[in-house]
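Here you get one chain, nothing else, as structure tokens; it is the form predicted alone.
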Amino acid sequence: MAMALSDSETMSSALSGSRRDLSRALTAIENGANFDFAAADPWTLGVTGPPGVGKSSLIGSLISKWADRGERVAVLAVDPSSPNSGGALLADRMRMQEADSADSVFVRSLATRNHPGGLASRISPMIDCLHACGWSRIVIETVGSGQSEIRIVAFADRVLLVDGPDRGDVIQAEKAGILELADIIAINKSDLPNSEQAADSVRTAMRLVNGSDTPVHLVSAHDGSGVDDLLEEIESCSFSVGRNRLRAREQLLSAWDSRLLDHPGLNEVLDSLETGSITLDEAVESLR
């Protein structure tokens, strides 16, 4: 019977190119393991947007383009967890299955484990791990359950917001939040009616609200139209220095949330809150 590798041995194997041990290393990180990686500046793209607009399909189209260019692409696809079981469907992996079959593509599905902000709690060290293992393009797909959830800016240097023309008034649906923070906006399913109208309404709203010239692209993951232009826009996009303060804030909140959810006394405090034996203020104090 083969002996299980230690976390350090697993990471060493992952750094040497083993995809299986890379998966194991990411699982170890997800479960709290810490590794020291050399200081680096990974290339990261955050992809967010509401459910059903084709984020995963569009990412799959982008993956194919990058792979053709010789890039090694890793995707961290986050799916929501059940609030009761903690499990997740992890459907993004199924939608990207064809792209993930290539040696130059690695897709890892993650459950949020009920971590706030539409992301998993250990995204940052996972990104460092993927970069250290030689992945040149790292994509993070968020749950996208609500566009006020802007935590993606804590982990991605460039943010792509994907929306669709079949959700009625896109501007009314998005309000603010991530719409104002997106570096690029893509209206997917451009083969459907009203797609041009949806793109024009986004452009007009962005100019009126804050004078933004955020690029808006009409694309179709179904037939590939507009994907080449979108890819060039993503490649030429640079990190916004003005976002540093917000990035630091969201990183701090993410770390704070993780510490709270990992607190050994959390379940006991929740039991006491449920029965009414302590107040909410007392619960907060006991978890400090």
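Start at 1 and count along the sequence shown; that's the residue number. Since we're looking at a predicted model, the values are computed, not measured.
The same protein also has a form predicted in complex with a small molecule, omitted here; what follows describes it.
From the list 196-204, 150-158, 68-76, 135-143, the contact stretch for the small molecule in the predicted complex under a 4.5 Å heavy atom rule is 135-143. When the small molecule is considered in the predicted complex, only one residue from S220, T44, S258, S64 comes within 4.5 Å through any heavy atom, namely S220. Within 4.5 Å of some heavy atom of the small molecule in the predicted complex lies at least one heavy atom of S56. Residue contact with the small molecule in the predicted complex: G226 places no heavy atom within 4.5 Å of it. Among residues of the shown chain, L208 is not one whose heavy atoms approach the small molecule to within 4.5 Å in the predicted complex. A residue is said to contact a partner when one of its heavy atoms sits within 4.5 Å of a partner heavy atom; G52 meets this definition for the small molecule in the predicted complex.
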